[in-house]
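The form predicted on its own is given below as one chain in structure tokens.
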């Protein structure tokens, strides 16, 4: 483990040479990562041993709530207005796709086995988090930067859904394009984490490939659905009665 930390001296040295001012942030991030992973590892050990569906569901709920807060904070949206709508979007897509993968691909016994439920939800949720940040940020920043264009659509008789459609398309494209590029090169340029972990654990490559294809299909579906639903669910509270973008929806960004 110490040797792995020692490897981080290389990027830190580069940061120091270029005077990027990232050394402190990097050290804090590594420290937080280490503490969080150690604590979660210890906690998950007991969750897996207990294997109680209510306890597992509670942990999944905590994951969803923390992820939702993270999305809204990074985008700079008012948590009071968007919290429940954003949670419904990311939570609904994550739980649906995770349940689909567990029930159809893995079929553990019992079906609520924490060893499968929590890691799979975590993998899918982590990717949904990134796509939601990208899509929401691009959608609302696009409307703010092109307010005259957006208003013109409305004055020409477009409904709110029709006027926001170009920005919705751009937001979804921005959110999923990196994943499409990753999927296109997977297997040749990179070996994905789930597949690599199974192979290192002794599984046959053919078996690992099947699971990796399945989880990538689930992750991609959840990303698209979550990004799409989050934007649609946010529309009723993001615009006023005159279909103007409300200024109070933003809290961290101006």
Partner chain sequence: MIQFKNITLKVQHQILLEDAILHIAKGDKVVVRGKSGCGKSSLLKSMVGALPLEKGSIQVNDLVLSAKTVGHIRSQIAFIGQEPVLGAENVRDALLLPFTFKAHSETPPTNQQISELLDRLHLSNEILDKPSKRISGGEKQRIAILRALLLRKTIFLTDEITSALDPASRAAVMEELFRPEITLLSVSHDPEWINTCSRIIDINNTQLIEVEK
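This structure is a prediction, so every number in the text was calculated from the model and none was measured. Residue numbers count along the first chain shown, from 1.
One more form of this protein should be noted, the form predicted together with the partner chain, which is absent from this view; the next part is about it.
Student: Since the chain is shown here on its own, which stretch among 172-180, 67-75, 123-131, 146-154 would lie within 4.5 Å of the partner chain in the predicted bound form, judged by heavy atoms?
Tutor: Among the candidates, contact is made by 146-154.
Student: The partner chain isn't shown here, but in the predicted bound form which of 88, 158, 111, 106 has a heavy atom within 4.5 Å of it?
Tutor: By the 4.5 Å heavy-atom cutoff, the listed residue in contact is 158.
Student: Is residue 24 a contact residue for the partner chain in the predicted bound form, using a 4.5 Å heavy atom cut-off?
Tutor: Result no; residue 24 lies far from the partner chain in the predicted bound form.
Student: I'd like to know if residue 246 sits close to the partner chain in the predicted bound form, meaning any non-hydrogen atom pair within 4.5 angstroms.
Tutor: Judged by the heavy-atom cut-off of 4.5 Å, residue 246 is well away from the partner chain in the predicted bound form.
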